[in-house]
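Take a look at this single chain, the form predicted alone, given in structure tokens.
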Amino acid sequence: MGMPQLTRNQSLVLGALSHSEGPMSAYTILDKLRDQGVRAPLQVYRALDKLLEYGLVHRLESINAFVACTCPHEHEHDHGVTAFTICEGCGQVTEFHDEAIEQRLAVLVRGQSFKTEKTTIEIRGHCKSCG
């Protein structure tokens, strides 16, 4: 399965997130896209829902904001675990993946006979620049 065919609104929302310096709330995205004819919050939320489903965007639950996925999209989108560092100072978000963490969590989850839908780790702190 290749890249899904995106609607105009989905492309606009993904573009706004891809060019953003940091995570954006749905309302920030709406403000950015008003000039392109996106007027209703529902238009943004619908686009975000689909982009989340496609794995092109991630939701940062702890700050209620969204970021574009920074992973290459050649292969089917099954990250297992997506982890982020979130700087409390400048708001910079970095996405990373670690197989050792994924494997360890998989073992723990299997031990609980639990079926995982999605795993996101958010690490809050300060980047090198913010100390």
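Heads up: residue numbers just count along the shown sequence, starting at 1. In this text the structure is predicted, and so the values were computed from the model without any measurement.
One more form of this protein exists, namely the form predicted in complex with a further copy of the same chain; it is left out here, but the text below deals with it.
K.L.:
Is Leu42 a contact residue for a further copy of the same chain in the predicted complex, using a 4.5 Å heavy atom cut-off?
P.N.:
Looking in the predicted complex, residue contacts with a further copy of the same chain do not include Leu42, since no heavy atom lies within 4.5 Å.
K.L.:
Using the partner position in the predicted complex, report whether Asp35 sits within 4.5 Å of a further copy of the same chain, counting heavy atoms only.
P.N.:
No, no contact at 4.5 Å.
K.L.:
Please check if Tyr27 has a heavy atom lying within 4.5 Å of any heavy atom of a further copy of the same chain in the predicted complex.
P.N.:
Tyr27: no, not in contact with a further copy of the same chain in the predicted complex.
K.L.:
Does the 4.5 Å heavy atom contact test between Arg104 and a further copy of the same chain in the predicted complex come out positive?
P.N.:
Yes, contact at 4.5 Å.
K.L.:
Are all three of Glu61, Thr85 and Gly125 close to a further copy of the same chain in the predicted complex, meaning a heavy atom of each within 4.5 Å?
P.N.:
Yes: Glu61, Thr85 and Gly125 each sit within 4.5 Å of a further copy of the same chain in the predicted complex.
K.L.:
Pick out the residues of 98-131 whose heavy atoms come within 4.5 Å of a further copy of the same chain in the predicted complex.
P.N.:
In sequence order, Asp98, Ala100, Ile101, Arg104, Leu105, Leu108, Val109, Gln112, Ser113, Phe114, Lys115, Thr116, Glu117, Lys118, Thr119, Thr120, Ile121, Glu122, Ile123, Arg124, Gly125, His126, Cys127, Lys128, Gly131 come within 4.5 Å of the partner.
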